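Encoded as structure tokens, the following chain is the form predicted on its own, with no partner shown.
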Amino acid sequence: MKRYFILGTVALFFCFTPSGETPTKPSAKVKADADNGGLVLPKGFGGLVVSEGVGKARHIAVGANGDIFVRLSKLKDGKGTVVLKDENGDGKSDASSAFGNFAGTGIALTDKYLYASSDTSVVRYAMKNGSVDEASKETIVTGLELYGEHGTKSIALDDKGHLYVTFGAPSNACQEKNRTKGSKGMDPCPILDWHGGVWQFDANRKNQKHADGLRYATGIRNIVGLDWNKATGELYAMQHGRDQLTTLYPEMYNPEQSAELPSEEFLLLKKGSDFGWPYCYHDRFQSKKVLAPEYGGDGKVQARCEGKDKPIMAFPAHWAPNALLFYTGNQFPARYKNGAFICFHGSWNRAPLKQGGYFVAFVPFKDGKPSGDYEVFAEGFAGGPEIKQPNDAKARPMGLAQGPDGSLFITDSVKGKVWRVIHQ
């Protein structure tokens, strides 16, 4: 892990991006808060609080006119998407509205449509003059199974008219009895027929069912962070690794090992990819996929896992990566161009080790792959040097979006706080 501090003298070398584009600067009226909104950022960056709280925020999108659209996991005043407007141009929200009577996670915005997902469907609205036309609502995917564990549906759009929808597995490791000591893994795992992966749909066809989609990638326990990389024309995602190795197999894993395993995986998803869940998990200390104990594994043997697709980067366990964004703007220094920002939400099961996550990371990219270690880009969300459990966190970073001027927007799932990060 690296923490970068960009000195003012060095920043002069980034007057132009490699392609010759002039960096975009935020409006002169947009200034960082004195305390950067409570965030700790690399030198040269500033943060400001756009909104003190919109509700249980999930993913976020920002329109070409600067309007901010925030999805909520719970309805607020009967609505599931909040719209924040900055009418005086100072970077702060001074007007808000809401629409849609369904909660959820996913949101994707084009110049023509806003797509939003619930746990059972994906709908879209036409955009008129930068605003949502509520009367134009169309259901694109419908009738999806409702289940409590890993039921959220993140979405992404490519540049070929496809919509990608995540289907988390309603299970930890596909045991006959979920999360039960001594219960064997089902083999083959029937959950993979309809869950545990990403499905591709026609972004313009109405009323599609799950069966109308193409299973694009499989063997993935749960994805919340998903993004289409415009620079490479590929789909990328962050996987939440499995839980409870020491609870279910205390004879094989001590609590410290269970806290550190398995990896949270950064995935490049190609058509037909198979990352091995539930039969396999990734061990970043051994840099390989190993056979899960439910299927006869001992923490070392690979067996059927040797041929499974591997992550492009592995992170410590149980950090809960909940958003992924490839930065395409010109406001930030050139090294950030086409790199990846990741929100680590923090998780519940790193005991007896310290809680982990609760920050936004940056991963530099080259030729479609990470070109260096991850860096802590924004932290200070949890509010304090150390928290004992997730409920102690004052804020948990959840969603990411890029503004039209290249600013980075971050949401919080506790009260729905929204930050904007600018390069000064």
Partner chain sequence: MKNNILIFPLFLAGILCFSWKEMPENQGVSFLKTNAVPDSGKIIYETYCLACHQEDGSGVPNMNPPLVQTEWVLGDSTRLINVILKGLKETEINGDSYSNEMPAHDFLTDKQIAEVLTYVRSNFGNKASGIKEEDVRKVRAKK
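Only a predicted model underlies this, so the values are computations on that prediction, with no experimental measurement involved. Positions refer to the first chain, counted from 1.
One more form of this protein should be noted, the form predicted in complex with the partner chain, which is absent from this view; the next part is about it.
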Exercise for review: Tell me whether 76, 105 and 383, taken together, all sit within 4.5 Å of the partner chain in the predicted bound form, counting heavy atoms only.
Suggested key: no
Check your understanding: Considering the partner chain in the predicted bound form, which of 310, 284, 179, 92 comes within 4.5 Å of it through any heavy atom?
Key -> 179
Check your understanding: Within 4.5 Å of the partner chain in the predicted bound form, heavy atoms considered, which of 249, 147, 216, 194?
Key -> 147
Point to revise | Contact of residue 355 with the partner chain in the predicted bound form (heavy atom, 4.5 Å) | key: yes
Review point. Might residue 55 be said to contact the partner chain in the predicted bound form, defining contact as any heavy atom within 4.5 Å?
Key: no
Review point. Does at least one non-hydrogen atom of residue 389 fall within 4.5 angstroms of the partner chain in the predicted bound form?
Key: yes
Practice item. Indicate whether residue 351 is a 4.5 Å heavy atom neighbour of the partner chain in the predicted bound form. Key: yes
Exercise for review: Within 4.5 Å of the partner chain in the predicted bound form, counting heavy atoms only, one of 186-194, 291-299, 148-156, 262-270 shows up; tell me which.
Suggested key: 148-156
